[in-house]
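Heads up, the chain below is alone and in the form predicted alone; it's given as structure tokens.
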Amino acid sequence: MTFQDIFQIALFFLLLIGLTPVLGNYMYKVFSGEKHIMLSVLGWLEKLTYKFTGVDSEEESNWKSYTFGLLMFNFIGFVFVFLIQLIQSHLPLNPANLPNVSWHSAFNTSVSFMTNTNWQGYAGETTLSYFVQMIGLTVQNFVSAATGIAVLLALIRGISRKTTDKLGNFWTDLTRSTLYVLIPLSILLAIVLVGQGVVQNFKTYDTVHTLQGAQQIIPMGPAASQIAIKQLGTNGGGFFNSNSAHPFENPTPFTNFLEMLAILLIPASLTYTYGKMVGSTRHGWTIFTVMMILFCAGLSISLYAEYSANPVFGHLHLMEGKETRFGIANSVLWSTSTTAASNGSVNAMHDSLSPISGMIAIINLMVGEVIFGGVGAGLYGMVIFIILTVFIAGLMVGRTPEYLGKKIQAFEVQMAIIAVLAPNFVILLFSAWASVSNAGLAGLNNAGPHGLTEILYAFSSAAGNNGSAFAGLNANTLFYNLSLGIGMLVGRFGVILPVMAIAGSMAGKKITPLSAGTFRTDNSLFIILLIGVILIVGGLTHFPALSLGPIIEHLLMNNGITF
């Protein structure tokens, strides 16, 4: 690594840590209904939205009504995106005259963007029109991210309130998340990206002549607006097939740095928001610390693996599949960030990562996308592990477990277990199915342990609502479109439903005052225990599969065998 690489990584962390309380405090004001800087600018639009939709912003609901509204809203979004893909050729803003999308690909894409996964089994510039990209996918990028924030807000109210069944108003949370957080940040980032050369137009595709005299079709389109929210909303779906390795999506080192920072910005800042809303800023920083330790550990191992010499490559650094404009360090920092944050965008091909670096990316997915994780989703996933941690700690000392003054009882632990098992069920069962079926094996690009890793990665990405791919698996088939689509649904709502049930249960409980026997959740002991629970649960669940994939591939590669 060069000094420039080290400096950039250090600057990345400094900015992330520095911006966390700034944006976190702003979001606290937004979600608490306090006066904030954007209220005078967009407050009128919030009121107009409620008037147009007939929503009473002051009316609150219990967890079942809140969840029903959330599910219905997401279902309507799914149906809309599904239908416009089926009739794409008859809709405007289709200068390339792209045909209608197959039903199974449309199903997969609709589920993908509705669940904030943004898995793409297609090439954007040759499959979807400008209309579908903007009206369908970009809109879902906003509302799926806002849905994750809304679930987190409901959980926060369940933890911080006492003896009530009211968790807030889903429509108010959705509106404020979109209007005051996601839209302003996206506009700002999109303007900067356009200034750096990211395309934003409605031109037809350009045909140019290369230096060799061949013809090449250059895709255009409204890319910058989608890229801004795909990064900030931890969506990840690229406007172009090669995602952020494409020079029209990510043209300069500055855009590369900003897009990486945008991946983690809101998930990191929400830890500060969470701390303030539950009445313990120190606890919020404790969660941030756990996430940062896990992130740094994964990044360090990945960097070591990528910069280590290997006999297969003539003892050279592994440049295959990396973005040559930005180098190894930026490719690894991006791969770690995108898999830790449930983002899914890529600026290098993960299929070409070293086995150990690729394993770190998969582990980030397999532990439940809680290392920062998706917008809102990562934090409520982390709270699930916190509940398990305080439960285990309570068993160790023979005391009824408590979290922030609320007793953790059998129901909360049962729901937490369901939330942990649901995505893991998808990963292991569906991967096993794909690895022994002709339909699953037909899409492989590599044999042996690397092929198994491609399958494991695909279903881990779907279940974790990440969306990134190893890029060596042909997933645009009937088998993978349907199985991955089902996996995304289970990974999203198989976690949301137990979380909402926990929120409803916790809201009805009394808050017990702190005492000398209270297990603290804001000190170094808790950090160690929480990290241990996350790694043990992930390790016990997935180590056998990992040992058959990236681990054995690493050992074989050291002996000169590749797949």
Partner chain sequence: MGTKQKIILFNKNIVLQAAKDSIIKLNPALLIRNPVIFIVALGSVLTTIIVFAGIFKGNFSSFNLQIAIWLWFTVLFANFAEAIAEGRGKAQADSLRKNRTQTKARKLVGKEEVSVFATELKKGDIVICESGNVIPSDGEVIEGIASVDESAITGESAPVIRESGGDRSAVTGGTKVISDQILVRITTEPGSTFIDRMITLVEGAKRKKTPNEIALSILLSGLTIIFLLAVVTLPAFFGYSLAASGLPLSQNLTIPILIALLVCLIPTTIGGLLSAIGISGMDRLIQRNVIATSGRAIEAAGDVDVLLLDKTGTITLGNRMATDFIPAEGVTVEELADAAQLSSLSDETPEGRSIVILAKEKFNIRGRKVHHLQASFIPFSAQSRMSGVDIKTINGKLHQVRKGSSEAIRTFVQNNNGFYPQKIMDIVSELARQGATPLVVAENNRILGVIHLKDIVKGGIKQRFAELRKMGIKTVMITGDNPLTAAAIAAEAGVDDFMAEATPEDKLRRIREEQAKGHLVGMIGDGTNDAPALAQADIGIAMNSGTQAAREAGNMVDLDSNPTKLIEVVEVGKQLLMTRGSLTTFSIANDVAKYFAIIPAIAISLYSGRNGIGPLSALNIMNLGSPQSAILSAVIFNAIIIILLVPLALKGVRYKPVSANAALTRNLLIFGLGGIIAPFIGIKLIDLLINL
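Treat the numbers as computed from the prediction; the structure is a model and nothing was measured. Residue numbers count along the first chain shown, from 1.
Quick note: we don't show the form predicted together with the partner chain, though the next part is all about it.
- Only one listed stretch (493-501, 23-31, 40-48, 534-542) carries heavy atoms within 4.5 Å of the partner chain in the predicted complex, and that stretch is 534-542.
- In terms of contact with the partner chain in the predicted complex, the residue from 123, 392, 482, 93 that brings a heavy atom within 4.5 Å is 392.
- Proximity to the partner chain in the predicted complex, defined as a heavy atom within 4.5 Å, singles out one entry of 261, 305, 428, 349, which is 428.
- With a 4.5 Å cutoff on heavy atoms, residue 35 does not count as touching the partner chain in the predicted complex; it lies far away.
- Remark: residue 414 counts among the residues lining the partner chain in the predicted complex, judged by a heavy atom distance of 4.5 Å or less.
- Among residues of the shown chain, residue 447 is one whose heavy atoms approach the partner chain to within 4.5 Å in the predicted complex.
- Using a 4.5 angstroms limit between non-hydrogen atoms, residue 552 touches the partner chain in the predicted complex.
- Heavy atoms of every residue among 401, 452 and 456 are located within 4.5 Å of the partner chain in the predicted complex.
- The partner is not shown here, but in the predicted complex the stretch 418-443 reaches within 4.5 angstroms of the partner chain through a heavy atom at 420, 421, 424, 425, 428, 429, 431, 432, 435, 436, 441.
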